[in-house]
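Next comes just one chain, in structure tokens: the form predicted alone.
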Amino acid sequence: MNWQNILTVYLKELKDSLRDRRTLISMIVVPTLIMPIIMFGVGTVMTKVVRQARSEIVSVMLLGGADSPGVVAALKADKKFRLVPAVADYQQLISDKKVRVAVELPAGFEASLKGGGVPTVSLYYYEGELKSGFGLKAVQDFFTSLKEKTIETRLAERGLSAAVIKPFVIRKQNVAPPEKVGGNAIGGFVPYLIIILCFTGAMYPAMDLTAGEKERGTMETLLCSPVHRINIVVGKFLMVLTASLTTVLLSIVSMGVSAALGVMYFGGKATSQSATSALVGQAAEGGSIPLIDPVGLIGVAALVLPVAVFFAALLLAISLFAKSYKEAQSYISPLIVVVIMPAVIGLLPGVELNAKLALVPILNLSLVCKEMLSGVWHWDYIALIFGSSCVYAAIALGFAVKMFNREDVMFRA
């Protein structure tokens, strides 16, 4: 290999790529803007939606209760609830989101409470629907309060203290540092996003430098130059790798800045825990906003390098088979699903890093990055993942060089 020729080819391709709008969008615009959009755009919308859902008056349909005027009056007096007339198809109304919750009081409910019975109150709701879930929580709180008052009354009638049924108090306290909490909360999402950006960052340059040049008729001119093909393919590969790494680097920087600003933005607001947990970690009541370990981000960037090499070489080789840019897109686009699936598996609960999974491409990166972002460093697995990723990258690069030297591939009719 002649590194001077490789550098010449690389600089030539870099200059051409910087003039291409699609490459600039995939390499610079997307990774720079995607995290601020997710953090502030989606986060703000989620916060507003959750806040609005919680502030709305809960529409409750009361089934029965004619012989329990005290409970009915208490429900009507509670400003959080709005009672609606009972109808037979209440389940359909809940499914249509016209009613949040239906409460069914058994016959003789109040009399049963006074007589020491244990009646059953049935709550009907729409599982998975945000407003119905909040409504259910409000109704449950109401009847929990009613249950506690009933217990206190029964104990008082018997001359007993409330401490009889509450001998001790349970206090919960998080002992994990914010970095570990943040890593567990969104640590799986970060490598997933990085893997996708690493792939897409290499995708468009790889297609343009191979199938694109074939379509423009400039590939023959380049091959006629007094430069060995291995120097040409390595120069093109380095350009694709540069695009992929630039995309990842910009995404990590954007992610770090967005996370820091997000902590200040969301941490300074009295936002709901569910709205902010998906973006900046779960904020415990009275606790601090969890963060991502910055050293973990550096570790993620280091492990992404061989994966970026693997993606760059593989996409370059596959794109060589295509006669046009459009044909290359039809070959490469389905690969996004292949890349996403292992990353998604890494997000699933219960999937833990082990020696076997450390050899599975992409999945190993997703699992180990989640650990590193939590501040946990399994050095034996990290070494195994880095080594296996380098082997896969070398195989892919060798495959790309081999394809570039095949005339039936380069000049496919």
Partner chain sequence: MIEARNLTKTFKDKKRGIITAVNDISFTCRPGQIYGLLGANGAGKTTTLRLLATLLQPASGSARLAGFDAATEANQVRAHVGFLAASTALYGRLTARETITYFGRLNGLAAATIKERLKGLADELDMRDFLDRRCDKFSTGMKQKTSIARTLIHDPAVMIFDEPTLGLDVMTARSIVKFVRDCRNRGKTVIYSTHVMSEVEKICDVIGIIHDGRLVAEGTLAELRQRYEETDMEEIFVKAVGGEAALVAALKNQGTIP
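Residue numbers count along the first chain shown, from 1. Everything quoted here is computed from the prediction, not taken from an experiment.
The following text describes the form predicted together with its partner chain, which does not appear among the structures shown.
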Choose from 331-339, 193-201, 304-312, 218-226 the stretch whose residues reach within 4.5 Å of its partner chain in the predicted complex, heavy atoms counted. 218-226
Is there a heavy atom of K15 lying 4.5 Å or less from a heavy atom of its partner chain in the predicted complex? yes
Contact flag, R19 vs its partner chain in the predicted complex, heavy atom cut 4.5 Å: yes
Does A396 reach its partner chain in the predicted complex if we count a contact as any heavy atom within 4.5 Å? no
V9: heavy atom within 4.5 Å of its partner chain in the predicted complex? yes
Which residues within 83-120 place at least one heavy atom within 4.5 Å of its partner chain in the predicted complex? none
